[in-house]
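Take a look at this single chain, the form predicted alone, given in structure tokens.
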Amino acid sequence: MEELSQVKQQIKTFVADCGDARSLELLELLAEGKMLRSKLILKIAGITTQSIELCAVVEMIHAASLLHDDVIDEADTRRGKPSINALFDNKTSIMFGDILYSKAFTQLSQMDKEIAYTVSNAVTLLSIGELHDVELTNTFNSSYKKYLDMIDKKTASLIEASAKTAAILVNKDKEAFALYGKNLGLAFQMVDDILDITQDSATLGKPAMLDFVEGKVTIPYLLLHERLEDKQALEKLYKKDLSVDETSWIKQKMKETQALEDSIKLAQKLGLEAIEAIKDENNEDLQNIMKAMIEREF
């Protein structure tokens, strides 16, 4: 997409404005993602100077959160490339994340007040979600409410803000687009959590079923735990390096209890609600983004 290269150039310009050569060097080393949030903004608001700048701000915030995430998770790769903390150290990753955050907020302060508030509030929610995510790995979480609240804040908040602010830019129904963005974010995270179980390590680019080993009780495990008679059997495997037999047992039980099937249905339900929210907008691109995600092969 030609417009995405405009967004990348705008990010480079914003970072160059900081007058720090080191920051530009680090920017070049960041692994590129799918830029889902930018695609969303541009599909809603079209391509203008304002929408490109909004995309750049949102992408910088997202990149900053990932730089901090990699330190928290002690990750040495990001999207198949060495992470900044692996290339250098945790301090560099944290400080560069702070530079991207603060520069994004500097640019936000020059934008429409409602747009600035919506995005900055989402960053507060995102940070709270990150904190909850870390805390939820301390003990086995069996609360669906806590899981949903965490993914709503950690993943959905910035996607929701992206859709809402794009709608504000062009005077479209901001609440309808906010609901679309929120559900896209929730479904996106649920699908990611499901793929951790259904895909093999080669496809994922990381060990399969790593979430549970790392202490993340995601939607399929929550439903499984709820439906198992012997709940302790699952709890005993929590945060454990799983053997082939233990992995097979979890997958078998997920099949028997329909925990996996119902997790997929839940993600699809959220997706269909999102499509319904914007049906009057006749935006096929947005409908296709959601359909591609919820109709994929698990």
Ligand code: FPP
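Treat the numbers as computed from the prediction; the structure is a model and nothing was measured. Residue numbers run from 1 along the displayed sequence.
Note that the form predicted together with farnesyl diphosphate (FPP) isn't included here; everything after this is about it.
Only one of Glu261, Asp69, Glu235, Glu273 comes within 4.5 Å of farnesyl diphosphate (FPP) in the predicted bound form through a heavy atom, and that residue is Asp69. For the options Leu26, Ala267, Leu42, Ala64, the residue carrying a heavy atom within 4.5 angstroms of farnesyl diphosphate (FPP) in the predicted bound form is Ala64. Partner proximity in the predicted bound form, defined as non-hydrogen atoms within 4.5 angstroms of farnesyl diphosphate (FPP), places exactly one of 84 to 92, 118 to 126, 140 to 148, 170 to 178 at the interface: 118 to 126. Using a 4.5 Å heavy atom cutoff, Tyr101, Lys154 and Lys216 all lie near farnesyl diphosphate (FPP) in the predicted bound form.
In the predicted bound form, farnesyl diphosphate (FPP) lies farther than 4.5 Å from every heavy atom of His225. In the predicted bound form, at least one heavy atom of Glu130 sits within 4.5 Å of a heavy atom of farnesyl diphosphate (FPP). In the predicted bound form, farnesyl diphosphate (FPP) lies within 4.5 Å of some heavy atom of Asp73. For the chain shown alone, Lys182 is not a contact residue for farnesyl diphosphate (FPP) in the predicted bound form, no non-hydrogen atom being within 4.5 angstroms. Along 158 to 173, not one residue places a heavy atom within 4.5 Å of farnesyl diphosphate (FPP) in the predicted bound form.
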